[in-house]
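One chain follows as structure tokens, the form predicted alone.
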């Protein structure tokens, strides 16, 4: 007999598969886009939107909602696929990715329901999320704020200013999740500008850190269920992931950070991903 936890994990894995398939679908409609970081984030987004975050898709501006900021805005194809599956937007919007006058662009736009911040200029999401978390405290509200960061964007100093301030303010209602796929647009992170020892850096800045396999849905759910990791500190979840996860020719390659998606590429990608059960 399947336990409730196992059933939950299987359901979230199916959600993640739908997200990945629709990432490639959306990019095919546009002709190209950022599949690498969108695919690496799919499991994390599935767990956030279909397990952790308190949201009302039919009331996207509900004041009590949890806030999610996709600071690594180039993964918007994955966010749009998630919002469509959650019911914030119509599924047909996915076929309008990067189209003229479409709200579903290469980066998130607050004109689209469910998007809290227009992102794309890397390094700003954490500080904005900090402001949301501080605002909740000042207003006596219990909504939580979660910010997804890209590893390449941690080269931006503004992230570390935000990290320092969040710890100083003791914002336990703020969580950062790092999609740590270790590859950026031009090459491997360690060759461009290494971030290690990363966990120790966040700890030194006053955060509580938990490292997980970002494709192990059980580990993701357990980490989210443990939030906040401390009663008076912000939480950092370092999720080790694989760029382009799920499609062999795109996995662990900077060449598929952003690339063209032809009919043939789409067919190969969907065949490898398989159909949801």
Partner chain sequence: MNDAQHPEWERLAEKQSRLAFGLAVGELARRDDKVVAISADTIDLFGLRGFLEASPDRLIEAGIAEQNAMGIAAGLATTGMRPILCGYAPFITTRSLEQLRNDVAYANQRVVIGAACGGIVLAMAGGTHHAVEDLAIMRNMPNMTVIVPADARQTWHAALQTEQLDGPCYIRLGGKFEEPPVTDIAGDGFRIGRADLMRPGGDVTVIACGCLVAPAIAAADALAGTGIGVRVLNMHTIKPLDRDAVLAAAAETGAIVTAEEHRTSGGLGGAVAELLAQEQPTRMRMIGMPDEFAIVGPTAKVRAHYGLSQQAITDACHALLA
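Computed from a predicted structure; not experimentally measured. Positions refer to the first chain, counted from 1.
What comes next is about the form predicted in complex with its partner chain, which is not displayed.
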(request) Verify the contact flag for residue 96: yes if a non-hydrogen atom of it lies within 4.5 Å of a non-hydrogen atom of its partner chain in the predicted complex, no if not. (result) no
(request) May I ask you to check whether residue 139 falls inside a 4.5 Å heavy atom distance of its partner chain in the predicted complex? (result) yes
(message) Is residue 206 near its partner chain? Define near as a heavy atom within 4.5 Å, in the predicted complex.
(response) no
(message) I'd like to know if residue 151 sits close to its partner chain in the predicted complex, meaning any non-hydrogen atom pair within 4.5 angstroms.
(response) no
(message) Which is the contacting stretch out of 195-203, 71-79, 108-116, 174-182, given heavy atoms within 4.5 Å of its partner chain in the predicted complex?
(response) 108-116
(message) Between 170, 121, 87, 187, only one gets a heavy atom within 4.5 angstroms of its partner chain in the predicted complex; which residue is that?
(response) 121
(message) At 4.5 Å by heavy atoms, is each residue in 135, 162 and 165 next to its partner chain in the predicted complex?
(response) yes
(message) Where, within 64-78, is there a heavy atom within 4.5 Å of its partner chain in the predicted complex? Residue list please.
(response) 67
